[in-house]
Ligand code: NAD
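Below sits a lone chain in structure tokens, taken as the form predicted alone.
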């Protein structure tokens, strides 16, 4: 309890700045209230206590931010890559310096456990370092030879971009999108999720204090239906990068259609972890538990379907159920907590609704299956057994600490079950047979596959999904492909024969 009390005291100290104040938009380097004067209240899912009042933006605020980004774009795009690298490294250093404030604020704003959020700021800093080092080469292209011709390609920043980030691990995911945009030479209008907006404010403060020019990065708060829609429709915004649920992604495509916006969509998942009988079952069970119950199960790459070969199905399910029952729920600032509260009452109600759906469909609850406590939005780590792949618990993204176990017989059925969902973000395969690992990873419809591993990110690799899980890839040079336009210049190396028309 001593550690929890100490963390709470520090968190309250950091949040005291918002007592009686409004978390304003940040546009062109200035704090601005919403044009309408409207605000909304953000609350902690720990106990629904108010944290801060936040500006509720509308199209007027988005227009001001887009104009500020457009005004700042020519100078930032012309800034040498080495200078952008210097500024982005300073942002990374400043993130590390305020890591405690970022982590504690994020825990109370999202309900995520400190054991995970303590690393989120450091991962965010690493994202900035990674792209900082690539800024000087962001415009590099290729030289390509053809008979009588030399082609030289180059890249240039696309322009002002809109970035819309989600409420789960918002700080790290904001850096994941914004760092490559800045490294490429784009300017940014960032709209964070209204359910967890506080660390977005810390991040833009850090960036400007580190020397980022005013207007290069702008922050507008508000809901998706108003501020988000206005950002997607704004004619000065050339591209939209979005992380969130698939239905919102569909709306973003429609909203950006009139201005032919480029879109990058990182959407939902119903990711399988496929365990064959020859796998290391203890490691497979440990990885499955980590990938569904860490971060409260509120992660797009969570392994929410446990597909197990029938000869070892019961043994693996028993292992997972035993581990799930021992996972500690509690206050997110308690260092011993693994699962904290879900983001809010609405999402808690959605997750709990699947308990009734599971029972009605004939599935068995092998662990959890209920709300925990009266205060806050706590749901016990849950495991459904006796399920089939046509049930809602196997087809729909629950986005909570809920795992559905399904048996399979043989490689072909495993692949068929894995692919028989609308999504295709990630998959996890456990087997000692290298040939099988290659065959199954090739056949599974997913943008990312880990073999004998949980999700271990390597920043240069592509990150993204197929089907309803999204469009485009993040990571390494793939991010620059989104934030930049490619130009090819062809030089004739001799006087070739030109077709003659008209004599």
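This is a predicted model, so every value here is computed, not measured. Positions refer to the first chain, counted from 1.
Same protein, other form: the form predicted together with the ligand, not shown, and the subject of what follows.
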Subject >> Answer option from 93, 208, 100, 194, heavy atom within 4.5 Å of the ligand in the predicted bound form >> reply: 194
Subject >> Residue among 126, 280, 322, 245 with a heavy atom within 4.5 Å of the ligand in the predicted bound form >> reply: 245
Original post:
Picking from 357-365, 228-236, 411-419, 283-291, which part of the chain touches the ligand in the predicted bound form when contact means heavy atoms within 4.5 Å?
Top reply: 228-236
Original post:
Though only this chain appears here, would residue 389 touch the ligand in the predicted bound form if you measure heavy atom gaps against 4.5 Å?
Top reply: no
**OP:** Answer for residue 337 alone: is it within 4.5 Å of the ligand in the predicted bound form, judged on heavy atom distances?
**Re:** no
**OP:** Give a yes/no on whether residue 173 approaches the ligand to within 4.5 Å in the predicted bound form, heavy atoms considered.
**Re:** yes
Original post:
Even though the ligand is not shown here, does residue 312 get within 4.5 Å of it in the predicted bound form, heavy atoms only?
Top reply: no
Original post:
Mind checking whether each of 164, 268 and 399 has a heavy atom within 4.5 Å of the ligand in the predicted bound form?
Top reply: yes
**OP:** Any residue of 448-474 with a heavy atom within 4.5 Å of the ligand in the predicted bound form counts; write them all down in order.
**Re:** 463
